[in-house]
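What follows is one chain in structure tokens, specifically the form predicted on its own.
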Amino acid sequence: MQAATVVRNARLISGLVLMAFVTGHLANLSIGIHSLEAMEAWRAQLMDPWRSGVGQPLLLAAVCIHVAFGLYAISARRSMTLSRADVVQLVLGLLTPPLLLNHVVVTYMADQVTPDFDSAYGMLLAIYWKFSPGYAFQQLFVVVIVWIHAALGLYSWLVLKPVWRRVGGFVLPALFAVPILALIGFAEAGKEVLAKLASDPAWQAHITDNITSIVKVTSKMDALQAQILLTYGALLLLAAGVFAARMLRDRLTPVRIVYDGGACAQGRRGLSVLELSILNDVPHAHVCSGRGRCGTCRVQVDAGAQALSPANDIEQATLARVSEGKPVAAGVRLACQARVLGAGVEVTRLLPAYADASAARLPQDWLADDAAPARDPAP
């Protein structure tokens, strides 16, 4: 298995683990629509497994892997040819680690530095709604950021698969409903907590004692936050630096590519055929935004095959899938994976620029388009 497949699978699996955690957390919050007591009753099923001897290391590993390979993906980029959805996904992905930092430190570290700390939902909601409302709004912002990032990633992965026709009608409503119900549950449980604080002096004293314990170790947790943020910032700068250095190096060697119909594109060495198409406004299908998943960007290499990078395992697997079990025709490449390393490259786009996700799910329905070049739309 090549490195490209290892990286993609690791990011996918770690992302699914993190989404499972976030989904459980939001589902638990949504139960607050019923009552705070119900939230606590369901916490054992939905959240306690993540605090176990297996769940906590698994969650920590998923966070580290997803962040590490996310930074690696930035450093490995060759251009900034991003769709709007990709820009949103990238920005939210970069914001997620620092935004989640306070939440992770308080809920997972407080009970370690203060053994008597009560981390029940009632305690945490009391802090959010009574003693630190600003932190409550921060958590709402975190929920929106993390969920949108996860939902975009899940959608872009599933929409290209044949199973989407069966599950799409359920998945899309769920992606909208889960965070909305969680926010409503958060608000309803908050109202209950405020009422309990006003009517139960003993419980209010218990909350105050726990907050006092947290205040005593605030400096330690602030120092930990600072260390994590500095480390994350340094790694992010390193990834950006590697990306910038590669762009400057490759800019010294320009390349040119010719398409069917006489269109041509120019750019720097190392860019993929698809990246050159996008940078030069040459119409080219790319449903998965160049991730090598959909196969809609495939081209027939008419000349200069030796000037392209070799096909990696991701490209080979996708071409085999869209070929419906038939041998892959000689010279057919994925434009998003074939990097232009030299001169003399000529290609024919095999699918029209308007090809959509159905071309990935049902490639046989688009085979007729493979037989003829994908001409540019008429002006």
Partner chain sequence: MTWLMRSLCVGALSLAASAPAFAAAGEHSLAALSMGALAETKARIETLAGNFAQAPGELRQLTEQTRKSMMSGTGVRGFTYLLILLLVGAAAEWLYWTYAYSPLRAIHATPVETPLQALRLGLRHLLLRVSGMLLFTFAAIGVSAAFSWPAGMHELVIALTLLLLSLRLSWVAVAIIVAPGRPQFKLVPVDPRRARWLAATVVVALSLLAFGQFVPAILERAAEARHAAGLLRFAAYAAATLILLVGAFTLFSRPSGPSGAAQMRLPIIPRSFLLALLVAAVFVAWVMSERVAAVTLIVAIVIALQLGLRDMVYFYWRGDGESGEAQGALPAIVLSLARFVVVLVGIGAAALALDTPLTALAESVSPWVRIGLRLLGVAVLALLAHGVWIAVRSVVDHRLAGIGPVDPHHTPDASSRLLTLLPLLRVTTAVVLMVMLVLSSLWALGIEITPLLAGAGVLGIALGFGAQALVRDVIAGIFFLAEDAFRVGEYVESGTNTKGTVERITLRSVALRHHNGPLHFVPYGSLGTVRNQSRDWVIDKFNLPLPIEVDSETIRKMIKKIGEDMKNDPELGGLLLEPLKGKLYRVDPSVKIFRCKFRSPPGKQFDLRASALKRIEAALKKLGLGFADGRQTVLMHPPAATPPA
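Residue numbers count along the first chain shown, from 1. Bear in mind that the values here come from a model prediction, so they are computed numbers and not experimental data.
What comes next is about the form predicted in complex with the partner chain, which does not appear here.
Every residue in A120, V146 and W157 with a non-hydrogen atom within 4.5 Å of the partner chain in the predicted bound form? The answer is no; none of A120, V146 and W157 reaches the partner chain.
Please tell me whether any heavy atom belonging to W366 falls inside 4.5 Å of a heavy atom of the partner chain, as the geometry stands in the predicted bound form. Contact check for W366: yes, within 4.5 Å of the partner chain in the predicted bound form.
Using a 4.5 angstroms cut-off on non-hydrogen atoms, would D281 count as touching the partner chain in the predicted bound form? Looking in the predicted bound form, residue contacts with the partner chain include D281, since a heavy atom lies within 4.5 Å.
Is there any non-hydrogen atom of L271 lying within 4.5 Å of the partner chain in the predicted bound form? It does not: once the partner chain is placed as it appears in the predicted bound form, L271 has no heavy atom within 4.5 Å of it.
Can any non-hydrogen atom of I180 be found within 4.5 angstroms of the partner chain in the predicted bound form? Answer yes; at least one heavy atom of I180 falls within 4.5 Å of the partner chain in the predicted bound form.
Among 246-254, 71-79, 198-206, 137-145, which stretch sits within 4.5 Å of the partner chain in the predicted bound form, heavy atoms only? Selected range: 137-145.
Exactly one of L236, A187, I228, V171 has a non-hydrogen atom within 4.5 Å of the partner chain in the predicted bound form; which residue is it? Checking each option against the partner chain in the predicted bound form, the one that comes within 4.5 Å is A187.
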